[in-house]
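Have a look below at one chain only, the form predicted on its own, in structure tokens format.
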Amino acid sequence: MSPKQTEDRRYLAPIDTASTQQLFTDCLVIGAGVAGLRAAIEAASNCDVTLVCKGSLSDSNTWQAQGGIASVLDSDDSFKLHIADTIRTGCGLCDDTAVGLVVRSGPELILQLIEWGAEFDKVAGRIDVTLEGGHSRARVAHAHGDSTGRGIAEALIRKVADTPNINIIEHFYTIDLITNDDNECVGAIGYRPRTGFEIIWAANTVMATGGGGRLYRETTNPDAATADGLAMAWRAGAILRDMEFVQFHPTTLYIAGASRALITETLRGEGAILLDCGHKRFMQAYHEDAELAPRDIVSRSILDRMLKTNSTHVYLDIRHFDKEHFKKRFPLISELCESFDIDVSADLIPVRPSAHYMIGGVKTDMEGRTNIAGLYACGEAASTGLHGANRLGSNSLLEGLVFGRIAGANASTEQNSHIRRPAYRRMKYDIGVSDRSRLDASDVRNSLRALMWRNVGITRKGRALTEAREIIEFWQRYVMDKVFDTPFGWECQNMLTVSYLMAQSAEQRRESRGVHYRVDFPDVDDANFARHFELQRPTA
């Protein structure tokens, strides 16, 4: 971003240690999804841990994940095949080392989850696995039918609660990472409704703040997914990578006036078909794998069909499913459909794509380290190189487990940091009063989400991306210079920051690759763009 947009603003809120409550910990973990929980558990083996989350422990993308977790669990599958599927889906940008590390760690970590109480669905005493788009073998394990994320999260939360040296602080809104004069991360400043501003000093910090689906009007993500972690990492000087890559889930329930609800692609893996508004099957015309094509292809195909038929949605047809089996296998979706009087044995399910997963994030190495000493990242907030330009379905929960464990281990044992144990530091950061007009944060948020959906969505073109960047830049001039005192305002500032970076990266990638599709540059251009785009805030 240009200097005008942030006016060298390092922190969103004033900081004065003389009047702010302070806590001290060895390892601070920000975020309570699968990656954050797993990081906290691992770190607690070596030190005291403080785990903070924006809402409650259940307010995460992990909790809402339906389909499952991908891992090699069947005799007809292999690491080689899972690796090949992941790399093929990543369209030339996967890090082979990251892919191999994650895939090979899968079976061990799933067995560990079972030891901790996770209850995966079984058939004849073996973990049941199913097929999803992009996978060459059935390897997606599921729990409680279509509540896999919740099943995994509950097991991890129980483990965290049973670990005495993990201090859990819910409803803690992390505003910013705190760095010292050597640009080492020394903790974070946050806000709790009951106590106000608090500073947590930490020898090492693990950022597992999730993604930013709420930057879009249409999304499967919960309200908390406003990309706060990416924005605070950007302000601290962390390198962000692949910000143009956002995955859109092809099938979310479309009921006008209702929030979008995920309809897992496992349904298509088990035989559901897509029909247009004329009740005609169409996916065979777009890809040889039809409904089992990778998510980016299915999403674009649905969008194209909607445009050609002048409709707001397409349909998912499961009328041929056994209704009782469906109810047992997919209880969450069954209940959801019934709540809208959809009889799946007779009615079609209206669906359309929605923003689902941030592939880009804070750049890390294979040890979970960022470019800032003392700061680690894992989960959806990190860019590890696993996904490349497109995520293979159900690889995200696995990535969270693998890199959560790695980041937690290193954050609790690294000996090369100059920070050591945290200590009290006198700090004062003032923010001047702006004389510019104030825009309504609620209006800006709603307008931003509509703009992102329209201009930085499933299909993109240069003119629209430039327009998005210019409009966001205008809003920033009247929002980023203000001092807010509630999470709603800070979220708005974070959403503007990250949306701008996404539009900027998408504008610069003048090709189509994976989830990034440019109407004006529809082909892959390996000669110029077989590389990652990295962004870093210029220092003052």
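Counting begins at 1, following the sequence as shown. The shown structure was predicted, so the numbers you read here are calculated from the model rather than taken from an experiment.
Absent from the display: the form predicted together with a small molecule. The rest refers to it.
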For the chain shown here without its partner, which stretch in 62-70, 476-484, 502-510, 40-48 has non-hydrogen atoms within 4.5 angstroms of the small molecule in the predicted complex?
-> 62-70
Between the options F282, W453, F321, Y173, which residue brings a heavy atom to within 4.5 Å of the small molecule in the predicted complex?
-> Y173
Which of T89, T370, T384, N395 has a heavy atom within 4.5 Å of the small molecule in the predicted complex?
-> N395
Close approach of A208 to the small molecule in the predicted complex, 4.5 Å, heavy atom | yes
Using heavy atoms and a 4.5 Å limit, would one call H82 a contact residue for the small molecule in the predicted complex?
-> no
Would G269 sit within 4.5 Å of the small molecule in the predicted complex, counting heavy atoms only?
-> no
Exercise: P350 in contact with the small molecule in the predicted complex, heavy atom 4.5 Å | no
